[in-house]
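Starting off, we have a lone chain in the form predicted alone, written out as structure tokens.
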């Protein structure tokens, strides 16, 4: 390492992507500094805060961090509820991400899917969206390594295309841990729906089924949102702890706001602010932007300068553009027999019959999931509002909680340059840094998928002999933030190359789901993690 650098690698963001890269690079003996805008949190404090909250989070606000959130929102690093995210478009992008050491995986559901081969060639195969510059086969060995780094639990031998056929997508090794077993609730649903042509797929997840590193076996607390109380579920703080064990330095409450570009177009320094407003400078041989798909482009666009007139890595004018999510819909039904949702993990049973095929020329692939969260709280609130009391209230809580089922659909969305993140022109946080402004909408392709998905939801209700209570077609956000620093071979229409290195600055990489050129319909965390393992390998080749 050159003696005038503060580190070999500076990582901006301490979530799963930054943590994986930091741990791998530090393990190789390199000096790593990780910066996080928010504070450290302790599991026991989060659990205790949640348990003592006078208002518990419901399914609706668990990820929106509304009333009852156990995570901090500080003036220098405000949380993503309230008015921090400025909504400018016709569809609200009501997402949430945690600005704490370890990042958003503290409260994620932990579903860890691989994309399938045709997801990487959507434009070539179906004339929609964009192709990736790499293929599934190229990413497959990195998927394996990411699964080991995270500690993934999965059911080997499944056809994850939803066709009920041979194992798919192709794997070169089994999952690190055997899959979680479906609960009575899920088994009963599978028995009812399989004869109707719905082929179940049990999601891979980050919950331990055998002791894994320092994690105990999942005890089925059903509190994955907002926090796993026993640390059986992976979160990014575990990778950060590993990185620190190899000598990496973590700077929390360090809000990166300025990036310098030298005359050679290399990143020459980054600047961060402390809560007291003081500014500090750091330098490195390599820089990794891993601040998630909203904060990363915001920071980059703030830094227009002589050697980066459009902002960092933005000669293509694509930074902040192509924002995607799995914008979805849902249906509540009331069954005529007891199912008792809420036993075990919050996520597991899904149906992806429409995951791939020529239909993708006309409408997107989508994933149907049943939410395995206990409805007791929301049921009780509704019944109290109706005036029920005493034994009548008790009996009705029991009946409805046992039979209330919520089905939700996650749709693939296309990269649209108009869907974007920019720094707000006026509103700023306590440090004087502009907050994110978001413009988001859905297109006719999404609406075509919605019409197909509704047919499936009504068919499921029919097969279950359940009454439809309500249908929400209102653009539900799934917290799966993708796009904004998109990957491609052509510097004229992409931000990073096939190695996730910025086209404009050869010593800067971008890690995370922001580089994904297509969204598929499945949770993107594992794909971002696989790309992060690949980034770490590329950095180690060079330093």
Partner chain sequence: MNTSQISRRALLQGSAAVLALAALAPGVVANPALAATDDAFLKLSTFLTGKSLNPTLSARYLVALAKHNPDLDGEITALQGFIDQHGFADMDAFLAAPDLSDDLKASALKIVSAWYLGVVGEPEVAELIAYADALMYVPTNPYIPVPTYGPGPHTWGPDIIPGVTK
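Residue numbers count along the first chain shown, from 1. Quick caveat: nothing in here was measured; it's all calculated off a predicted structure.
The form predicted in complex with its partner chain is left out here; the points below concern that form.
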Query raised in the report: Hey, in the model of the complex, does residue 442 get a heavy atom within 4.5 angstroms of its partner chain?
Result: no
With the partner left out of view, is residue 391 within 4.5 angstroms of its partner chain in the model of the complex by any non-hydrogen atom?
yes
Is residue 475 close enough to touch its partner chain in the model of the complex, meaning at least one heavy atom pair within 4.5 Å? no
| Using heavy atoms and a 4.5 Å limit, would one call residue 401 a contact residue for its partner chain in the model of the complex? | yes
Given 183 to 191, 141 to 149, 443 to 451, 254 to 262, the stretch touching its partner chain in the model of the complex at heavy atoms within 4.5 Å is 183 to 191
Exactly one of 437, 218, 405, 349 comes within 4.5 Å of its partner chain in the model of the complex through a heavy atom, and that residue is 218
Contact with its partner chain in the model of the complex, heavy atom within 4.5 Å, among 118, 161, 314, 374 goes to 374
